[in-house]
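The data below hold one chain only, encoded as structure tokens and taken in the form predicted alone.
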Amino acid sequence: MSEVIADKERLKQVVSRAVDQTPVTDIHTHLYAPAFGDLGLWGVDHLLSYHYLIAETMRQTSLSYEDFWSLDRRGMADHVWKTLFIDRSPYSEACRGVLTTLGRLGMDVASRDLSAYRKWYDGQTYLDFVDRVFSIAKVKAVVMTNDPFDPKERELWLRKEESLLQDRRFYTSLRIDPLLYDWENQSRVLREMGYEVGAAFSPEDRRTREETIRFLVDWGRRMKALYLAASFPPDFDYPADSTLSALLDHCVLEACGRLNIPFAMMIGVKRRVNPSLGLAGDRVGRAKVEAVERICARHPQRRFLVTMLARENQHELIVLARKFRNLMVFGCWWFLNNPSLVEEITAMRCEMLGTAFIPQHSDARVLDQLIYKWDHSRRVIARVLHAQYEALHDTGWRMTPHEIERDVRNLLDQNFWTFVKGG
């Protein structure tokens, strides 16, 4: 048995070091391996024109939506930089994230010299930059979001399947939102790919049902997907008299069973409440936790990775996770990925679930964001875990560094892999 930690200051040091040094598996991102070419986003102009920052900028500028979108990428970045970083103090989480990233890459953020930052990036290659970012962020692997309904990505998979899977730091997930919400149009795509599905989905139509399952299994195997995934609006209900509900019951969860992988559900986004903002125009809504309860109860042999977007849903979802071992709660998604909310939610999960959850994922769309999203999250997670271990210490229980490192490794890495493999 290794040393027992008797001193609280020593306890804090051990927890901080364990959280800081443990390599992470980032279970949900929108990143791409280098083999995907220009689908992978990186660089300061993409950091600055990220939709979080666009939403903030459009609150602070007189520039019309039309004029903003008419700018090229560099012009958008220039406008965001001036509006949020020069004309105002950049202390929002999204702005601070840009500065954390640039600083950790070795740039002088005090200089406020955007041209110098661009020059630094001009000297990088994407392949080398992936190595650098993964090393700085201490990320061992990420899970991509892979969409066979996107024509450009689909063509890459059909032409370059083997090369897309060579970088084992990048794992895949099969995203199926278009199939669930736009059967009329996407069924045509399936027919073009050789799957004999009808124009309308009915579970009584055996050929359409089996061909849809065949499509999901074929693409799950082609991608070697770790899970199937979809996002859902706040009013998502289950079961329901809808094509969505029928597809889940008769195709999606059946495909998950045949592939032996979980289904990831990201619930609570209301799309395009302001279409003029593009990706920045979505908002959050309170979801129905009962829908998750019913799907977990109705399909006890299936595994569900679930995150919800509304703060108001978090306590109820945590309680539900105590009742269903086939439910794994993960991450502080999107609008919840702010330190004050990450701290509150992570503490609540620790208090009610112990170590049986996945505290965070980055949801990064720009490679560079791995740096700040994990830097900021690790600080909060360490703070929460230290409080938990200190409270445990106060009972008279004593821990060893090995035990703390084990717990942190489970939270940041192994819980996901164990759940994916059905352990």
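Note that residue numbering begins at 1 and tracks the sequence as displayed. Just so we're clear, the structure is a prediction, and the values are computed from it rather than from any experiment.
Below, we refer to the form predicted together with a small molecule, which is not included among the displayed structures.
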Testing 69-77, 123-131, 212-220, 265-273 against the small molecule in the predicted bound form with a 4.5 Å heavy atom criterion leaves exactly one stretch, namely 265-273
Quick one: 16, 343 and 386 and the small molecule in the predicted bound form, is every residue within 4.5 Å by at least one heavy atom? no
Contact of residue 333 with the small molecule in the predicted bound form (heavy atom, 4.5 Å): yes
Taking the small molecule as it sits in the predicted bound form, is residue 363 in contact with it (heavy atom to heavy atom, 4.5 Å or less)? yes
So in the predicted bound form, is the small molecule close enough to residue 175 to count as touching (4.5 Å, heavy atoms)? yes
Can any non-hydrogen atom of residue 51 be found within 4.5 angstroms of the small molecule in the predicted bound form? yes
Counting non-hydrogen atoms within 4.5 angstroms of the small molecule in the predicted bound form, say which of 83, 231, 314, 186 makes the cut. 231
